[in-house]
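Shown next as structure tokens: one chain only, the form predicted alone.
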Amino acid sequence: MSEALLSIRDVHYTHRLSGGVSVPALRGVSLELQPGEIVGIVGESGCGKSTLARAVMGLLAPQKGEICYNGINVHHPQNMAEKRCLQQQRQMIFQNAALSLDPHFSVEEIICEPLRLAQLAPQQGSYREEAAYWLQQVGLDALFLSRRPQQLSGGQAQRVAIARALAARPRLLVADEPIAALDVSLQAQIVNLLRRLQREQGFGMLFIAHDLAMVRHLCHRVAVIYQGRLVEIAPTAELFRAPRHGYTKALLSAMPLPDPRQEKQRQPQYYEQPVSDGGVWHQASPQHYWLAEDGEVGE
């Protein structure tokens, strides 16, 4: 296996709130992403998915552990000289695209901003031609170049955000719930768009989402996070076919079924056990690992 594009090792992060309150967000998360691989990150709201995404992008620094991109520790002070290169090669799609787009910029300026910041020459000849090229890649006409974010629909804003992220031709794309604010038809379009562009461009991707059906459609592997801890990771097909951790089973049991008769008979499972800092990792297959809490027996 080649060297990991992204390596997350024993990362801990605690949110410090007013009044001296501390809320653990990540508790010893370790994960690797190979070049060209799509790994889905799933779990309930507040489990630490977005915190992990921001740590990977260098938007917050973990209190413990390290995050390495292409062998470079992105949070080490000695690597700050490579910050521009790191910014170019790692791009992020935020959950709320409309809020992530500068309302004072045109679509052309938004898409080309990463190129200007990284001092990259446009491959299409000019910045305007480059922006038009990426608009075409995400299914929008060049007529959108002069528009402002407030003139875009939700789906159009999300496509512009994707174009901006890919314009610098990154090797790593972090997509933090990029379809959460869209209706069902647009969700499918955006996921299919990401799938096509990933195949064409070959970048690796962390795909964070609540929609397990979309994760199943897009991702090569799936990592399950519960209360800040990684509790299971496996190839997508195997995870959906044979989940091992109780929380993973509960998540999958909540998926709606397309057949109304089966949906009526579906019985969701519940998992409310507090996760500890202990536990033992078990291997179910060469790439399938799950965390057994203290007292549990590996299957």
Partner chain sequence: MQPLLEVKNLKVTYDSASGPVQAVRDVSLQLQRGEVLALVGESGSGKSALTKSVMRLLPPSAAVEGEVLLNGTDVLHMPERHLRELRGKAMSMIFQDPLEVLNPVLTVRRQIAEAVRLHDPQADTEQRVRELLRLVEIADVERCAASLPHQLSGGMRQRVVLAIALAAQPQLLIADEPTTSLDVTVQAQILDLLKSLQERLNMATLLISHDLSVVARLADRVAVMYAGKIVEIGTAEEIFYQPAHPYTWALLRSLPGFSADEEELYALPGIPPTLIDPPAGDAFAPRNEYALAIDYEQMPPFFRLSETHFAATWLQDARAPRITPPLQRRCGE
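Numbering follows the first chain given and starts at 1. This is a predicted model, so every value here is computed, not measured. In this text, the rigid core denotes the largest set of C-alpha atoms whose superposition between the two forms falls within 1.5 Å.
Beyond what is shown, the protein has a form predicted in complex with the partner chain; the following relates to that form.
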Quiz item: So which of Ile72, Ala118, Ala98, Ala188 gets a non-hydrogen atom within 4.5 Å of the partner chain in the predicted complex?
Solution: Ala188
Exercise. From the candidate stretches 162-170, 100-108, 118-126, 194-202, select the single one in contact with the partner chain in the predicted complex, where contact means a heavy atom within 4.5 Å.
Key: 194-202
Self-check item: Proximity of Glu177 to the partner chain in the predicted complex, heavy atoms at 4.5 Å
Solution: yes
Quiz item: Ser45: heavy atom within 4.5 Å of the partner chain in the predicted complex?
Solution: yes
Practice problem: Classify Leu60 as contacting or not contacting the partner chain in the predicted complex by the rule of any non-hydrogen atom within 4.5 angstroms, answering yes or no. | Solution: no
Quiz item: Would Gln151 count as a contact of the partner chain in the predicted complex, using a 4.5 angstroms cut-off between non-hydrogen atoms?
Solution: yes
Quiz item: If you look in the predicted complex, which residues in 193-220 sit within 4.5 Å of the partner chain (heavy atoms)?
Solution: Arg195, Arg199, His210, Leu212, Ala213, Met214, Arg216, His217
Quiz item: Any chance the CA of Lys264 moves 2 angstroms or more between this form and the one not shown, core superposed?
Solution: yes
Quiz item: For Leu172, is the C-alpha shift between this form and the one not shown 2 Å or more after core superposition?
Solution: no
Quiz item: Against the rigid core, is the Cα displacement of Met92 between this form and the one not shown at least 2 Å?
Solution: no
Practice problem: Since the C-alpha distance between Ile179 and Val138 changes by 3 Å or more in the predicted complex, give its direction relative to the shown form: closer or farther. | Solution: closer
Quiz prompt | Note on Pro258-Arg241 C-alpha separation in the predicted complex, which departs from the shown form by 3 angstroms or more | solution = farther
